[in-house]
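Here you get one chain, nothing else, as structure tokens; it is the form predicted alone.
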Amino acid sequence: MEQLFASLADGLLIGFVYGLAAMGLTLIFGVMDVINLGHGPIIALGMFGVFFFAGSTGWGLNPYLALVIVAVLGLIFGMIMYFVAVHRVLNAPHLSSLLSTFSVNMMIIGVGTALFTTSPRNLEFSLGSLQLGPVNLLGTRVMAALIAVLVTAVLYVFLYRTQPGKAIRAVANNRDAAELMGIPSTKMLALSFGLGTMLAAIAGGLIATFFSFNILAGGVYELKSFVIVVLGGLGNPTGALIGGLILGAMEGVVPTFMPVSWVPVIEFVLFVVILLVRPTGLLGGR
């Protein structure tokens, strides 16, 4: 039982970060009905960003200070990516936006492989551990979960309490009506794509503080993000966070009963079951 509780707690902490990564994917889909297939490499860029700003071979900053820089760069990169790869195909068939974002995926992986190779990198950083009864929690994972919750809260306040956030929600609800009210829909769409990219980069930076990674590592988390957004509901950021916790708990608990290799099998079985039984997700789309 002690091992079960420890694994569950560890899985839930990672689940917050999974939820943050999936939130970037579902935010973009909820606002503009675009599935961003460049999501995984952007997560990997977030990992490398923190590594180069905070690693011993880089600037040597505190990883959480480096995370702020990565977040800003992620926002800028996302807005540029929107204008280059998404804006012109926004009203085209869905396959056009899929192919466009997939091309960005391949370009990032190609350039990243040439620059960084596929050798694993590791950020030498530790915050010790936290003992809660029989459960021993790594400090980096506790901090990552707290930051994920904080970023989620800030995103909620931004979307529901600020003028740009309300404009993004108006554009997501009815783009034509929003433009008639004087809202610049193109700028709001670019901002929302930038925010989604920023969330992916932040999640990648947090993952880099406790897992080794390479330029291909983001693909695994992209697949997990798809499972989470389907589980929580496409276009529903709150559902993404809850879906991340469910997936994280599953990843923590399953290895105590069966080999770790069964975890992705169970995840994608769950993915298919949710699509068949409740395609709108547990909380429904938004």
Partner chain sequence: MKSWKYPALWLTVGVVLAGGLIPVITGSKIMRESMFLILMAVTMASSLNILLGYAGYVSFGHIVFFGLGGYVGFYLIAEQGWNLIPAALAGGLASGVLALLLGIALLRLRGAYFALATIGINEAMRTFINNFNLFGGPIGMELNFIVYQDYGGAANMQWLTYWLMFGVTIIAVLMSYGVKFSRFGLGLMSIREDEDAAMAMGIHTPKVKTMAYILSAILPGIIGVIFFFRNSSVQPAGAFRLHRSIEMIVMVMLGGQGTVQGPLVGAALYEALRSYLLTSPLFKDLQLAIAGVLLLLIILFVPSGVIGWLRHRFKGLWRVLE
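Residue numbers count along the first chain shown, from 1. Not measured: the values here are computed from a predicted model.
Note that the form predicted in complex with its partner chain isn't included here; everything after this is about it.
In the model of the complex, its partner chain sits beyond 4.5 Å of every heavy atom of T140. Not displayed here, its partner chain is kept clear of N214 by more than 4.5 Å at the level of heavy atoms in the model of the complex. Its partner chain is not shown here, but in the model of the complex it comes within 4.5 Å of a heavy atom of R88. Interface membership of L132, defined by any non-hydrogen atom within 4.5 Å of its partner chain in the model of the complex, is ruled out. Comparing 28-36, 247-255, 61-69, 45-53 against its partner chain in the model of the complex, the single stretch with non-hydrogen atoms within 4.5 angstroms of it is 28-36. Taken together, S100, M107 and L223 are fully in contact with its partner chain in the model of the complex: each brings a heavy atom within 4.5 Å. Residues V84, A85, R88, V89, H94, L95, S96 of 74-96 are found to place at least one heavy atom within 4.5 Å of its partner chain in the model of the complex.
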